[in-house]
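A single chain, nothing else alongside it, follows as structure tokens in the form predicted alone.
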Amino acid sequence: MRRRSLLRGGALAGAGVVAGAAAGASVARGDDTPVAAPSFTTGTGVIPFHGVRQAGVTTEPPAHAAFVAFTLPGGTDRRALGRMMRLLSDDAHRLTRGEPALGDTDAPLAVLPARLTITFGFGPGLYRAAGETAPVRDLPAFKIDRLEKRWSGGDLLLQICADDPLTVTHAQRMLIKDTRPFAAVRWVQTGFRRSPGMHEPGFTQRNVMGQLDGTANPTGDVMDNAVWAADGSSQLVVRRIRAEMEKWDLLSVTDKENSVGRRMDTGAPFTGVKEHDEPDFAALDSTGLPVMPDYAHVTRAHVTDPALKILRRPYNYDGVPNAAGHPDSGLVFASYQADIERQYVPIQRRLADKDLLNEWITPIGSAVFAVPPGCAADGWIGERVLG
């Protein structure tokens, strides 16, 4: 038998196997209904850029994100900052509605916005350059921190989120190109969440350690009071948190749950049966000990005043493993709140003091930014500060 005939016969046999498998799958379903064609609406989704508040804060988080921080050169003044923000606001407006930015030589990459949001944050250094008093300041030192300069600080932040990684990459390139005359890239952190269609909208994100992350986020009217100031501004903390996966993998499921205070499968607190059941911190077990341990992450992060809640908007990261195969994984933790000093800092102090989860996580980056109000169609982000 010649080789060509043998290959042709093998190909036909393979096709038969595939067809048989498909038929078997149809029988297993108990019907002959054809499989629905995939939906292509994800790529065309548009979130408006203009408004009283910036998009990308309380917006349902897309699957992919890039956080890009910049450093301003010495001598930067208000006029330069104003020119920069006018240009970047125009870029963001065009890109988020599926149009190329001015001077974009790869326009076809811009036509699928995939719910793209571009959110701007101003660091303390930007306010100093503008001759203004900054509404935010660097976080105090926490004993658990092992901060690295390459992941910390920044005068300007761009948070770029979309349901498609190519959309994020293209928007990032366009925005960096137009920022280049005014500022230097300080760091870039990329992250991911579940892709569209994997869960119903509003689901709680799982991090790389398998935990549900963001169960206690504010909603409804509480969200308005906890996240936004009256003028439409907010404040952002970005923390890069390395997961010590080699140590975490040695734990039993019970040990993992005890460190958090929630069930790993459902996310329910120890005193409840569903994820969103309110934990009962006064409940005692048969030995008289608290059912919700004092050292558990949920206990340490709990706040009693809804106005003091923070909005967790995290993204996982997974870098290149080292030569021994140890992972470089963790969380780009983004926390939005109306007032960092009043809301975020007290929570982080309690976590740093006695959170058992600290045995398996390490903060290696930290930055704070004020998130200016949004702008009208004829305006630009930051005009109230820099105009």
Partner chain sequence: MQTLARRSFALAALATLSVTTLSACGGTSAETAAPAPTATSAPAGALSIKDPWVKAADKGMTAAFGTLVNNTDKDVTVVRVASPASPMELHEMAMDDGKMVMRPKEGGFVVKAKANHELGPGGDHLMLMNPSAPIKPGDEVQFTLTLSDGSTIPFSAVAKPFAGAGESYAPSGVPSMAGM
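Here the structure is a predicted model, which is why all the values come from computation and not from measurement. Positions refer to the first chain, counted from 1.
There is another form of this protein, the form predicted together with its partner chain, and it is not shown here; the text below is about that form.
Proximity to its partner chain in the predicted bound form, taken as heavy atoms within 4.5 Å, picks out 44-52 from the listed stretches 320-328, 44-52, 62-70, 354-362. In the predicted bound form, its partner chain stays beyond 4.5 Å of every heavy atom belonging to R137. Although the partner is absent here, D145 sits far enough away that none of its heavy atoms falls within 4.5 Å of its partner chain in the predicted bound form. In the predicted bound form, H170 stays away from its partner chain, with no heavy atom inside 4.5 Å. Among residues of the shown chain, G103 is one whose heavy atoms approach its partner chain to within 4.5 Å in the predicted bound form. In summary, among the residues G75, P181, G220, P201, the only one with a non-hydrogen atom within 4.5 Å of its partner chain in the predicted bound form is P181. Distance criterion of 4.5 Å from any heavy atom to its partner chain in the predicted bound form singles out V111 from the list L166, V111, V208, A268.
The candidate spot formed by A141, R312 and D339 is out of contact with its partner chain in the predicted bound form: none of the three has a heavy atom within 4.5 Å. Along 212-248, no residue reaches a heavy atom to within 4.5 Å of its partner chain in the predicted bound form.
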